[in-house]
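Two separate entries follow, structure 1 and structure 2, each one form of the same protein chain as structure tokens.
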Structure 1
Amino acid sequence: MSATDLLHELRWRGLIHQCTDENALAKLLSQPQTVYIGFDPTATSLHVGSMMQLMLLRRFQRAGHRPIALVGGATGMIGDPTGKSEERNLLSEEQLQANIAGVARQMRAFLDFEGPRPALLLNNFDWMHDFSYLNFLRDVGKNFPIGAMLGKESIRSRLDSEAGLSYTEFSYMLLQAYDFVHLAQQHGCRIQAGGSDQWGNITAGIDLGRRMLGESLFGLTAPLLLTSDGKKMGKTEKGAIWLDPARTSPYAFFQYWRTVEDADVMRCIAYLTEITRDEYLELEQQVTADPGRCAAQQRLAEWLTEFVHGRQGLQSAQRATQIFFGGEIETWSDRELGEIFEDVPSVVLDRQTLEGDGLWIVEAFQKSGLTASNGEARRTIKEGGAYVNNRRVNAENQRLSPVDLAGETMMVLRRGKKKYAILRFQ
């Protein structure tokens, strides 16, 4: 892919928000270049918002350039004040190292570290930990005009806020800017990319490179991943959508994308997938012609779930989705069932009720709240509308035992097509 093709690809996908000099950048990209994006290790897993930047690095690599994924082991000890209304809690060194290890594992799924232009995974703590305070002030700090720093929106907004800005956070821009200088010196990296909220930090690095190295460095930002009403994507009432399956299951991940609003789905496809423009245009037409079909949401959910969690993760998510719409339930864990039926009413019963003769099916439906009385439960069974683990109940004298559990402690009851209840035996 040529530089023109790459920039055209980024442009049609809406991934160029700001660029320091697009014409000069196009000339630079006519030859293989090195580009970096920094990631602060604030948790043991990356979240959906990080996918924007990882996919941006991946697009550069697929176009023949070398990506550097920079984990902020040093900057993460301070925390970027950009976009924050108050200072972050400082992480312990042990927690920071655990976060770095988790984030690094996930980055390897997005980038090729073995190919002809292998990606690099670096940690800025490796070159910052031996830097003395005096040497940093002398070599780096003297090249930073205070006026220029105060002019950055990220600094100005915090200074005007009630929380203010600590000297520690104020220094963050210097550290990130020096990362760019170091990577330019050691790895020939002349391009830094990031989210649009990083523009101030990126341009600070470009200015520092000019002052310290006499070199022209370049910056490129992509839009933030926001909904049409300006809210950050990747967050729900229960928290962030993580890339780690232990924190957000493939099913929950799949369902998040499956229910994206029509106003947001095509932008998500453009930003986060490698779906071709031809297919993109076809999906766009389908959204316009038949929005209720949710074809674009289905394609988005399938593509991203398979990319992040693999074929097995996608198949697991699809099976779980089928279960909620009546597919037979085999053996699942309580955790998986809890996520599938998280909004379904549940009742806790004593495990002993399943022993001996077991729990009478009529009583089970009455206790679950799906029927108001034993008589109503009998009628539901007689009419063929009663299900245990999505298998129809054929006789009102059926007794439930531990073999009927769908998980370690859970059993799924259903009345009709859509009324569910969970029995938990503890």
Structure 2
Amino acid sequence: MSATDLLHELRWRGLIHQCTDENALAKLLSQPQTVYIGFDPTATSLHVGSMMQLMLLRRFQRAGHRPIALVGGATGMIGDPTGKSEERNLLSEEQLQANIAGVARQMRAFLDFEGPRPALLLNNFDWMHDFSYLNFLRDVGKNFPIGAMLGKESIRSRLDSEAGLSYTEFSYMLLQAYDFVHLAQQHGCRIQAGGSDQWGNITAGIDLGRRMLGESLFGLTAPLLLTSDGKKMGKTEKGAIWLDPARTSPYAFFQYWRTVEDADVMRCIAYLTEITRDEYLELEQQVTADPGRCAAQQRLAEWLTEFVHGRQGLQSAQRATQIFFGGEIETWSDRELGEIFEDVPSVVLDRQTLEGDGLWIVEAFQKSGLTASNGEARRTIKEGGAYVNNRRVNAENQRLSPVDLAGETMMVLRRGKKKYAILRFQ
């Protein structure tokens, strides 16, 4: 892929929000370059908010450039005030190490660390930790006119707010700017990309590069991934959607994308996947023609789930989906059921209760927590809203016996369309 191809691709995907000197950048990219994006190691896992940035690096790498994923071990100790309304809690050093290790593992799915132009994973703590305060002030600080800093949106908005801004956070920009200069010197990295909220920090680095190295550096920002009603993508009431399957099951991950609003789905495809322009246009047409089929959502969910969780992850998500939307449950193993229903509340009962006369269905629902009382359980059954292993319960005097187990020890109860509970008999 040539430089013009890459820029063309970024443009049709809508990934270029702002960039410095576009013509010069195009020229620069005709030769293999090194590009960097910074990531905040705030947790042991990345969430979907970082995916766009990782995909962006990946696009550069596939076009023949070398990506650097920079984890902010040093900057993470300070906290970027950009877009934050309050002073951030500082992370401990051990926590940071754990976070960086976790994040690094996940990045392997996105970037090639082996090939001819391997991606680099760097930690700015490595060059910041023995940089003395005095030297930093002499070499870096003196290149920052306070006036220009105060002019930055991220600083100004915080100064105007009640929360204010500590000196530490104020200095954050110098650290990130210096990272860029350091990478330019050590790795010949002349391009920094990031989300549009990083523009101020990126240009600070460009300015510093000119002053310290007399070199022209370049910046490129992508739009933020927001929903059509202006919220950050990847957040649910329950919290962020993580890439770590232990935090967000492949099924939950799949479902998040499967249920993206029509108004947002095409943007997600453009920003987050490598689905081609031809297919993109086709999907776009299908969304307009027949939104009910959710063709775009389906494709988005499949693509991303497979990309992040592998073929296995996608399959388990699809199996779970099939079950969650009514497929009958038989011949499953406890292990599979456990994975599929991992977010579903479960109750452990004595195996004995299934023997003899068995367990009264009303009591089973009451114990599962799906109904608050036996009366409510009876009512639900009468209304046709009670299911065992996705088969509707017809009689309120039904009794459950070992025959009704779906796995070795598990039984799946459901109330209404989506509320599940697991009974384990041990």
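Please note that residue numbering is based on structure 1, beginning with 1 at the start of its sequence. Rigid core here is just the name for the largest C-alpha set that superposes within 1.5 Å across the two forms. Bear in mind the structure is a predicted one, so any value in this text is a computation, not a measurement.
> Which number, 1 or 2, marks the form predicted in complex with the RNA?
Structure 2, which is the form predicted in complex with the RNA, differs in this respect from structure 1.
> Considering the turn of one rigid part against another between the two structures, what in F324, L405, Y271, Q297 is at the hinge?
The hinge residue here is F324.
> Going from one form to the other, how many degrees does the smaller rigid part rotate between the two structures?
43 degrees is the angle the smaller part turns through.
> Quote the shift of the Cα of R415 between the two structures to one decimal place in Å, the two forms being superposed on the rigid core.
Here the C-alpha difference is 7.6 Å.
> By how many angstrom is the CA atom of L354 displaced between the two structures after fitting on the core?
Its alpha carbon moves by 3.0 Å.
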